[in-house]
Structure formats: structure tokens, C-alpha cells
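Presented as C-alpha cells, the chain that follows is alone, the form predicted on its own.
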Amino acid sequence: MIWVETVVNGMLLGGLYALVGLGLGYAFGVMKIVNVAQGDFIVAAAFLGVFLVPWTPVHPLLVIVPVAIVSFVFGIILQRTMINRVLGQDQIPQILLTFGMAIVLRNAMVEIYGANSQSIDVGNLRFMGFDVLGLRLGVLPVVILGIAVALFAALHLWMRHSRMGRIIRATADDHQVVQLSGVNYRRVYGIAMGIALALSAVAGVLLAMRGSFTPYSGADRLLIAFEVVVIGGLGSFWGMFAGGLILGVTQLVALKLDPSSGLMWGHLMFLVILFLSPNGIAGLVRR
């Protein structure tokens, strides 16, 4: 049963990994922008959660809401004032701009919060567990997986069935054609970036609840996000979700077998899937 428990816990961790990659994959799928600052935005959201928790008179889990709202507004402002100016066929200016943002964010967080590790205190929730079918599971990881599934499902349904969702999909397909219907694609891009940063903010707060972080943790978060997106395949929400599960299960199983180099096997799994199917799991399914 210990291996079954390891796999299940890996899936719980993978749900969080999938959420880490969702914002990056969404921004690239809509605007074709490689946001190198994604990991630092996630860490900045975690720090915002740490700041707001003492001022929130409710359970720390609900701090996700104001952090996501602030990140959504910030994403719209960021897209309209800076990123829209470098959009085009050449992705080098986009990468340089977001790389500069990452450096500024990282140094600002060090200046404000210092280099010490931080976490969000969720009280006894972090240590609570329950038994099901002979398995011992933590309450917090199960709650995090539930939030991840709910966000994936909500975004999937909203993109398919809402008017704005259809506009965003049409803009992602061809932003020049939608202008013939009176759509301002730059405003649509602003909303899309707001959504991407809001999703990343939720992931950042949940990561801060599950473990610790520092201002320098952005690189690790960015690596996880890239691996999830590549394993799952661009353009597929549920492909990215499956990519997160694969990455989480691989890491925990490998850590059980070899604690000294277990994390390496997650990266090797990424390389294997990239070699077998450059379009990720979604590409394999389409075949």
C-alpha cells in the first residue's frame, strides 16, 4: 500500500503543479508570449498572501480571492502599458521584457521582505489527515487538488460557452481577423493576461500554504511551469493537468526510490516525453 499511497500523494502534488503551469500555458496559447517572469509573479503573489493573511478576518485559504483580484488588475495594466508594445512575430523583445520584469520583481521582493524563507500559516489544516481505503492523505493537499480541478473546469467551460471566452479563442486564432468584427484585440489580450496572472496568483498562494519559499524561488516555479506546459501540450487545458499529474507522481515515486536524486527523474521524464512527442500528451492523443 505504501506505493499506492505514494502515487496518490504524487497526484495531489501534481494538481498543484498543473495549476502552476496553467497561467503560463494560457498566456502563450492566447498571445504567443513566453513569460519568463512567470515564476517571479507566482512568488510575488505568495508574498502578497503572506502580507494579507494577518489582515484577513477569515480562514487563510480565502486570501486567495483578494490576491487573485489584485493580480488580475495588475495583469491588465501590465499588458496594456508594456507587453502590448512588444507583441509581434519576433519573440525576442517579449523574452527580454519579461526577463527584465523578473529581475526587477526579484530584487524588489528581496528589498522589501529580505532573503529569509516564508510560508502562509494555515494552522492545523497543514497537519490534518484522514484515512480512506487504507491510505493516509492530508486534508490540505486534497483541498488544493479540488481547487485546481475546479479552476481547470471553470476555465474550460468559460472559454467554450461564454461570449468573452469565444472572443478570446477567436483572437488567439487570428487577432487581425477579429478586428473586422469590431474587436479590440489589445483589450482582449489585457483580459487574457489578467486571467493568466490571477491563475498564477492562486498557484503561488497555495504553494506558500503547502511549503516555504524565498524571493529566489521564482526560477524553480518557472521550470515546473515550463515542464507542465510542454508535457501536457500547448492548447490543451486537460493535457496540462495530466502533465502536472505525471510530473508530481514521477517526482514522489523517484524520491521514494532515491531520496538523493529523486527530483532529477521528473526532469528526465520531461525530456523523454519531449523526445517521444514534441507536442506533448495532447499531441499523442490527437494522433
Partner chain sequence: MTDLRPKLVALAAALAAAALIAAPHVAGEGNLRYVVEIFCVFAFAQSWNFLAGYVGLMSFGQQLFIGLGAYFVFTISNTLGVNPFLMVPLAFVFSGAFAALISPLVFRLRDAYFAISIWVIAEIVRLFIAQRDIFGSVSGLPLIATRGMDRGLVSMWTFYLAALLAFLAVFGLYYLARSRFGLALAAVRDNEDTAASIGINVWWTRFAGFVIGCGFTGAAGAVYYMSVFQVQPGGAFDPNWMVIMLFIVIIGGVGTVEGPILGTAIYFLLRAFFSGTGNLYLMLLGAAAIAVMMVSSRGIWGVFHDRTGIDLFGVRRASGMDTEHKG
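Positions refer to the first chain, counted from 1. Note that the coordinates shown come from a computational prediction; the quantities given were computed from them, not determined experimentally.
One more form of this protein, predicted together with the partner chain, exists but is not displayed; see below.
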- Item | Interface segment, criterion being heavy atoms within 4.5 Å of the partner chain in the model of the complex, picked from 149-157, 99-107, 190-198, 169-177 | 99-107
- Query: Among 183, 76, 86, 142, which has any heavy atom within 4.5 Å of the partner chain in the model of the complex?
  - Reply: 86
- Query: Quick one: is residue 132 in contact with the partner chain in the model of the complex, heavy atoms, 4.5 Å cut-off?
  - Reply: no
- residue 246 near the partner chain in the model of the complex, any heavy atom under 4.5 Å? no
- Query: Would residue 30 count as a contact of the partner chain in the model of the complex, using a 4.5 angstroms cut-off between non-hydrogen atoms?
  - Reply: no
- Message: Although the partner isn't part of this model, could you tell me whether residue 226 comes within 4.5 Å of the partner chain in the model of the complex, counting any heavy atom of the residue?
- Response: yes
- Counting only heavy atoms, which residues in 194-232 are within 4.5 Å of the partner chain in the model of the complex? 216, 219, 220, 222, 223, 226, 227, 229, 230
